[in-house]
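What follows is a single chain, given as structure tokens, in the form predicted alone.
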Amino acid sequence: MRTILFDAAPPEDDACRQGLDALRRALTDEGCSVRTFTLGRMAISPCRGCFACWIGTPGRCPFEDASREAAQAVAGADLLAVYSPVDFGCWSSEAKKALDRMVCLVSPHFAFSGLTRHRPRYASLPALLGVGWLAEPDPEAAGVFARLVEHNAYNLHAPAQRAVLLERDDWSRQRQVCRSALRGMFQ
């Protein structure tokens, strides 16, 4: 399974990076070929909201930075896995910036099926696995994060989605949580 991993783990946070390592291992255990984009090392500007990627240069952001390569990789993938620390139930700024730049993958035209969203630009887009890192248990943040990933998946026309939160735990337990989420997505 062609998998793109958006790594938004801060390099100095060893506990958070342990969860990332558990996710990577779970992905390879489940047979995924993983291409990683380490977001903290990439020059990705915030989306300017100009919508040129919808009309002027359909499917491609007119501003050249690392998001172009990331969007192209995501468009051809079976799975997009996003790993990020979670604050107040939301993605880190690095992860949000990268996800915002994926807007070029959907059409500017709207469709209504209970909720309004953009039509898909491509015949298929990848499933979305959102894996967040919480330093301490926080049920409210967990609920917000699950809804956020669900809505991200809806907007990106992901055929399957899961949200997982990892906390300070044994590495093998974190790995098992990620493996279970992956299996649950594709059953």
Partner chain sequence: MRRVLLLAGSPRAGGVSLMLGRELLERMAGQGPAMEAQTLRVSGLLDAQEGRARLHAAFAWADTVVLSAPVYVDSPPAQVLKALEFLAAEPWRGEQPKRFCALFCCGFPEASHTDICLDVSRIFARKAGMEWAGGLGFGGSGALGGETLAARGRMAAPAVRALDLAARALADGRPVPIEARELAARPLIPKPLYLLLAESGFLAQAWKSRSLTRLGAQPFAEQ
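Quantities reported herein were computed from a predicted structural model and do not represent experimental measurements. Positions refer to the first chain, counted from 1.
Another form, the form predicted in complex with the partner chain, is not on view; read the next lines as being about it.
- In the model of the complex, none of the heavy atoms of Pro62 sits within 4.5 Å of a heavy atom of the partner chain.
- Remark: Cys32 does not count among the residues lining the partner chain in the model of the complex, judged by a heavy atom distance of 4.5 Å or less.
- The partner chain in the model of the complex comes within 4.5 Å of no heavy atom belonging to Gly40.
- Proximity of Thr36 to the partner chain in the model of the complex falls outside the 4.5 Å heavy atom cutoff.
- Contact residues in stretch 53 to 82 (any heavy atom within 4.5 Å of the partner chain, taken in the model of the complex) are Trp54, Ile55, Gly56, Pro58, Gly59, Arg60, Arg68, Ala71, Gln72, Ala75, Gly76.
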